[in-house]
Structures are given as C-alpha cells and as structure tokens.
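Encoded as structure tokens, the following chain is the form predicted alone, with no partner shown.
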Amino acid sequence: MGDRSESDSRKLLRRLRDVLATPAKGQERLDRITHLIGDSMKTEVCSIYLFRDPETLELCATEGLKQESVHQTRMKLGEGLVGRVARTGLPVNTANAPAEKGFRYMPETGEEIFSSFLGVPIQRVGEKLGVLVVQSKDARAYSEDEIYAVEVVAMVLAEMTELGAFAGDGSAMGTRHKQPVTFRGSTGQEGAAEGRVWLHEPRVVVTNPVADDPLTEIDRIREAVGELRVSVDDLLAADSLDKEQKQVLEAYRMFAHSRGWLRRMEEDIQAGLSAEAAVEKEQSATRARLEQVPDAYLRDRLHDLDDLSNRLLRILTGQGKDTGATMPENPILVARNIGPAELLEYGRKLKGVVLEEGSVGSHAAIVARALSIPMVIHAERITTEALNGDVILVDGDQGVAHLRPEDTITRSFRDKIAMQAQAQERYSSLRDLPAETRDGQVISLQMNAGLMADLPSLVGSGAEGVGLFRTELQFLIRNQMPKRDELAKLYARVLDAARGQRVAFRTLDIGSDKVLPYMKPNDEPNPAMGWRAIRVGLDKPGVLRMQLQALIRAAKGRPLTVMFPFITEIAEFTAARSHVFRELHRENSLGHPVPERIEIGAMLETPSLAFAPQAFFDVVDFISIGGNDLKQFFFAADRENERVRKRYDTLNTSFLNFLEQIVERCKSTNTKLSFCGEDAGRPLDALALAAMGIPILSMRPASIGPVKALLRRVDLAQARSVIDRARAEGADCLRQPLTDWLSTQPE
C-alpha cells in the first residue's frame, strides 16, 4: 500500500471513531457510518447487514438504497452475494453483480441500477456478525487498496458491534450478550443444573480498535511478538515434551515466527488499527481462509492460531487468565475444551460443564461422570457468546444449554429439577432394600467409580459394591507415571472405603481416546481398534506388573478382584492372568501378605470373545460386558461419531439375541456375569438386560435409585415373555413393546 491509501485509511478510521464516540442511538450511528463510508470511498451505496439469527441477515442501514427496505430486506445465510460473504467469511468483489452465480435481486431496495459490488464480512475471531457492502453504478472491480480499506472498517464495526455500539430495536440490533440463546449439543454426562457461567479462559476485550500513532502501535506489536516467540521457544526447550506436544508447539512457533503474519499486522496498524485490533483482524481473516480448506490437518491448525493469537492479545492487553473476577455461586464451567487434571482442580465446586468440543469418551467426560456433574458437549460458539456471571441452565439429559434463558424456560427447567429431587427422595427410601422384582428375582446393582470422591456414593446410593473401578484416571491426571507406592495407598483407601464390599479394579485402560500425556503417542488411523488397553499392558509388562503389585499390596490380605480390559481372545487373558500369579508369588516370597481370595476376570468388549473356546469360560472367574465398546463394535458404529452413534439401540433385537448367547455360555460354566456401561443405568434398558438373564448391572451412582425403583415394581418373567413374543413377531427393536407393556403395570 502506498502512503496515500494509508493516509486515507487512517483518516477514514478517525472519522469513524469520532462518529462512534458521539452520543447517539444505535440506528443513528449506523446511518452516519454508511454515509461516512460512502462519502469517503466515493461510492453511491454503502449498506450494513447484521445477523438477526444464526441463519438470517437483515439490512440494518444503507446509504444509496431505498430507506423503506431497512429492516425489511432479509436473506438466508448463503443466499445471494451478501449471503455468500456471510457464509464463507471471504470478500466478494465483482464488476457485474447481476451476472454472478447466486445473485439475488431484491426489488424493494432499488439496487438494480448498481452494477459493481464489494461485500466483506463483519466478523470477530470466527464469529460472523454481518456484512459490509459498497456498490456503484460503474461496472468496475474494486482495487486491492479499496478492498483492504473496507476490511479494516469492517474490523472496527465488528469490535463496536461486540461492545454494543449499535444496539437498538429488533433482533438484528439487539444488545449483544443480552439475548437468550439455546445451544443444542450432545450429552457428555446426564443430569440437570442451574447456575452462572464461569469461563475457563475469559475472552480478551478490545476496547480501542482505532489508534492515532502507528509508530507506537508497531513498537507495541513487535515487542509483544518478541515476548511471544521467547515464551514459545522456552516451552519447546522443555525436556518433558512428548512427540504430540512438540508438534503442537512447532506449529505455534511456525505462526509466531511468520514474517508474513507480523507484516500483515503492521500494515493493519499503518491503516489505522490498534495493535490489538490488528491481531484480531488477522486472526479472523486467517480463520475464514482455513475454514474453507478441505484438508482436515490444516483446519485443525485453527486451534493453534487461536491459542497463539489469544496469547498475543493477553500480552498486549495485560488481560491474563486470572482477571480478578470472583467465581460465582453455583458455577457452570464453559470452555472450548478442558483436560481431566484441570477439571479435577475445580472439583465439586462446579455444578455443570459446557464444552464446545469434547466427546462422550473424552477424559473430561469421564471425570464429569465420576463427579456426577452434568455435561453438555459440542455446544458450538458458546465461548464467544457467554460472559462470566451469565445465568445458564445445563440439561445433560438432552444435551442442551440455555444461556440467559427466558422466564418460561427457567420455570419449566426448575420444575424438572424439583421433580428429579422428589424422585431422588423416593429413591433414598429404597436405598437399603434389594432390587427384587415382583416374581422374586434379585438383581445386584453396583456402581462405577474412578476417584476417591466417588466412594461416599457407595453407601448413599445403595450400591452393592463397585462393578468397575477405572484405574486409568490416576494416570491421566498426572504429568508423569505414578509410583507403585502412591497407587498402593490409593487402592488401599478405596478398599477401606468399600467396607468389605467387592471392588472390581480394571487394570490400566489407555489408548483409543485416552492417551497419557507422558507416553509417546501412536498415530493410528483407527485408535479405537488399535494399540489400547490390555494390548498396551502385555506389550509394556513393566507398567502392568507395577499396577498389579500395587493392587496386591493395597489388599493387605483382603479379597481382591482384578479385571482386564479389551480382552479379545483367550491367549490375551491367559497371558495377563499369568502376570497376576507371577506377582502373587513374588509378593509372597518378599514376605508381603497376599489376598485371601482373588478373582480374575475379563471385560467382554468385542464380539470375538463371545465365541472364545470353552476353555476360556472354564478358566475366567467372571465376565463383565463392556456395553459401550461392545455396542460400538457390534454395530460398526463409532461411539464418538454423533451421526451414527445414536442410530443404534441397545434394545435392538440382534443385540439382545447376541447378549442372550453370552448369558447362556456363562450359565453353562457357572461363570459370574455383569453388564457395565451407560445403558445399565437407564431404567428401561436395565429392565431388558435383567430380563435377558444378566444378574449384575454396574452404573453411575445416581442411576441406581431409578433402576431399582423400576425393577421392584415389575415381574421379570412377564417382561421376558414380552421380549420373546415381540422377537417371535419379527420386531426389529424391543423398546416400544417394553414401553407399552410397562405403561400397563401398577406403580
């Protein structure tokens, strides 16, 4: 850019700043701005379109089009040239707008006489706020300098829209961060909670988008980038980094040391932006470009860019993660994503968690389940909309978060929570009663756990033991491998808290979606079917043996139950079992007490194990069906893929037929059988599993009351006859027949 265009840009931004600084209502400000831009650029039309909802743009101000079209002309995202700019986040520049593909003629605006069209997005860090358009009668394409000038102005408009400078009547000009918003994501952990937002990483607010002294701002940006580069280089020099962490930091360094990145920000400053606004402009522009790239790896670099830009903004503004804000009462954590250790630091202070990313099997979801905290995942864009202290309702059952909800939603939500509380009171009266059906069959209800914090629920929930203790959480929340003595003390405390009730310790289940931060990651095309669980344990016997030693020492002579995850064939089980006997012999020879009785079991998580030789069922002490993984492999439906995960039902006839085969094989050898997974905690599903002959169900503590209440009011033999009759009639799924039958049963 030449000196003239730089001077013109700064002049335009100063005039724009003066307009914004003058007291006026939002509509008046927008009208002045469109006049100012049209006058400065010598174009006959300048229009501002803002989003009235995520899918609809509204013409909010114009200079040159018919005024009666303001707030009347609307278009969908992607519709017309304006909609294309909004959808892609990229400019559209054409000398002959009507000839462009997708052009939409809006007769109420009178724009048919204008041939040239330049539209640029009004966006802030990937958040699309609207479109700024200039048009003229002459059939000409706008120059690069003109495009750049309009982009710079659009950046300032984005910042001022964020700060509420254009608030007025109507949805499109409503005050930002004030309107109710509903985010429909997915269930990470069931439950419901009402509270106030606590942002894990508060947003940086840019209040000074326009600057008068480019030289000072360039000095600021160069100094901040220098500090950023040093910090990234220092991080890369750490000895404790694994391959994946180094790859992420190398991407950081690539961005941080990019001469083009710094040059573009300096050009933005020369045009009149402040250093902070220049960072956000380049962040938004690069985001828009990367979002259009088909390469998934490059799209993933968006996170690196965002993290780096946010670091730079924090250096420039001094707004660190600790802003001095006080955590509100009943805090609901809102974040893009979060690790298990960070989530555990918050602990039970949190009433709920809402994440933009995450997955049902992520470390954070596992911790949320352990803490019984309702969690919603895949709540896209919530971190850009939520502010600290905002009222928020988290419906983990439906995978929905209501931000700043309307009174009617709040009232119905509170009614739901009250009903759940009343139900829990009813369930508490059943705590000491068995889960005995009307026809005298007793089902053992046990709980899943993974943290010491879970163990008080063993008494409070009425669970008859711990059907699954996830030992990997102690490995996941640390930056280095835990020591044997540390684990032995923890496992001993778990057994102490269980007060003689059975605890089934699952050995380290890592791999797939659970990668230890201090283990070398493996780039696998399909990690769920790759090097994971017992496969890692057998290939790294030192870790497996260390854990077995810790478990034996923790027992202090008491009974011990150990089960191995992801056993797919008899050879894996016999190899793992031999390690147990080897460590028992070793501990005995060292003079340490060994368990008075030991059970060694396997988790059946793949169909192959159901067809194992009879010798396997003869030698294994118990089998625990891992429902989440087994269903994934039975239906060939990735449990992390929302598009296919919910298509398949536990009560599908084929799946229940398969479970029946497992039940029969275990009965023939008198092998103890249980079912562990989310489905065991859903009352109707639990009823079906019990009716199919599975005598032990293990679930999260909060589910034991509802499951027990249902089982105690039904005749299990009748439920089985309903299942058998529906199967004989060719039913594909047994959920509806069971639901219909249940509706006829007395409460």
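Residue numbers here begin at 1 and follow the sequence given. Basically, rigid core = biggest C-alpha set you can superpose within 1.5 Å across the two forms. Note that the coordinates shown come from a computational prediction; the quantities given were computed from them, not determined experimentally.
Below, we turn to the form predicted together with a small molecule, even though it does not appear here.
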Exercise. For the chain seen here without its partner, which of 304-312, 599-607, 188-196, 584-592 has a heavy atom within 4.5 Å of the small molecule in the model of the complex?
Worked result: 599-607
Exercise. Does at least one non-hydrogen atom of Cys676 fall within 4.5 angstroms of the small molecule in the model of the complex?
Worked result: yes
Exercise. Do Asn628 and the small molecule share at least one heavy atom pair within 4.5 Å in the model of the complex?
Worked result: yes
Exercise. Would Arg553 count as a contact of the small molecule in the model of the complex, using a 4.5 angstroms cut-off between non-hydrogen atoms?
Worked result: no
Exercise. Looking at the partner-bound form in the model of the complex, is Leu132 within 4.5 Å of the small molecule by any heavy atom?
Worked result: no
For this session: Identify whether the small molecule in the model of the complex is within 4.5 Å of every residue in the set Arg470, Asp509 and Arg639, based on non-hydrogen atoms.
Result: yes
Exercise. Has the Cα of Phe255 moved 2 Å or more between the shown form and the other one, judged after a core fit?
Worked result: no
For this session: State yes or no: after fitting on the rigid core, is the Cα displacement of Thr606 between the shown form and the other one at least 2 Å?
Result: yes
